[in-house]
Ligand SMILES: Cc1ncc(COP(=O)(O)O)c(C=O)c1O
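Starting off, we have a lone chain in the form predicted alone, written out as structure tokens.
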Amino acid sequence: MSHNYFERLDRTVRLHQEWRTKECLNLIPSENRGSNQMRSMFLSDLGNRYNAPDKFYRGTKYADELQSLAEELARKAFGARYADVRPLSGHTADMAVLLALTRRGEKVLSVHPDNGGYPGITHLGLGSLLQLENHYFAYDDRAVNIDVRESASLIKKEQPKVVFFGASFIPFPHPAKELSAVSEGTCVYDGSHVLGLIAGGEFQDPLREGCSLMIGSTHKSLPGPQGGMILSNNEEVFSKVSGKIHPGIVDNIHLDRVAALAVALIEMIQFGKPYAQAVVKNSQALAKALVAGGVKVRGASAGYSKSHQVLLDYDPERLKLIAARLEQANIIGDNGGRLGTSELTRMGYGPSEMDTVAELVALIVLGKKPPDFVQKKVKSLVKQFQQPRFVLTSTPKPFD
């Protein structure tokens, strides 16, 4: 019986691996492709071990060194004085922020979910669980960004305890500098989607634009493992938030994940700038090619994108239908109409390939060809790009 279960498990994982890495164009902006060096860290003994800040566990001298090294690399990659790599996700970092900096009934300002804000910190998530009073930026739908003038008035009127910049839909930098200047609360930048671009100096620089904290996921435009991170130049605020992590939010920090994150941070320190530049260039090329092919894209007034995201401009029901038909053609997106360029860039696709990708997407969106016709072209294209770029050249050694 156990043997049969393992055969099913092995078959399922292998089918996923074959399909998603060798036959599909991945345009989900929340995902990326890790290097072989990064993935190798998950095969080490670290995945079965603990460490803890109170030194309860013995045998952690190398695990502790690893954590210190990862945090040193995070500080260097983002120009931060303080870093904490223990959060298991961007969401747990959000949780630490709100638990440390707010009390029941206090006001929190962020982007509304209807405008692409992250639901986890709103009235749909932690806002409700922690009994906070959620408020939302005024939003310019045409510019696909926060409305500075109206939001400044809102901040002065409501005086939120915490102001969150960043969003799940973020084609353009947020006005952190302008709005943090009028806020008396703590300004936090959730860079979950754009940490890789920030590390490469191609998006914005929240820690020098008035934000006391920058938090986020480590596996989107930053091509690391799934996890989270907290960064800051403000010792007082950082200490409050970091102090909430253990033991209240995270006990086991998953040391193999920390090692994998360290690899991704080394890659960003070495290759972050050309990688980030290539991502933005690809997004702009993809958007322009889609529009030229008759597909509707948001953000025309601002140049469509300055991030890893291109946003299709159709109603919600149409976007769900488009996503389903794209999947039938082995083009993987999401139901919100976001198309991401991080993983394709990481795999070596450039602007000329973006023209091809746009053509394939347009055939489905506009209903010009059936999915099976497009799928064959997708598979042929994907076969040409099977090795991640912007990675360390050394071959990882197997762990005994």
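In case it trips you up, residue 1 is the first one in the sequence shown, and so on. Computed from a predicted structure; not experimentally measured.
The same protein has a further form, the form predicted together with this ligand, not shown here; the description that follows concerns it.
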Worksheet entry | Partner proximity in the model of the complex: residue 202 to this ligand, non-hydrogen atom cutoff 4.5 Å | no
Worksheet item: Should residue 224 be classed as touching this ligand in the model of the complex when contacts are defined as heavy atoms within 4.5 Å?
Response: no
Practice prompt. Flag residue 267 as yes or no: does it have a non-hydrogen atom within 4.5 angstroms of any non-hydrogen atom of this ligand in the model of the complex?
Written response: no
Worksheet entry | residue 94, heavy atom within 4.5 angstroms of this ligand in the model of the complex | yes
Item to complete: Please determine, with the chain shown alone, which of 167 to 175, 105 to 113, 71 to 79, 287 to 295 has non-hydrogen atoms within 4.5 Å of this ligand in the model of the complex.
Response: 167 to 175
Worksheet, complete the sentence: in the model of the complex, the residue from 137, 275, 118, 304 with a non-hydrogen atom within 4.5 Å of this ligand is 118
Fill in: Option touching this ligand, based on a heavy atom within 4.5 Å in the model of the complex, out of 234, 89, 180, 145
89
Worksheet item: Going by this ligand in the model of the complex, which residues of 174 to 199 come within 4.5 Å of it through any heavy atom?
Response: 190, 192, 193
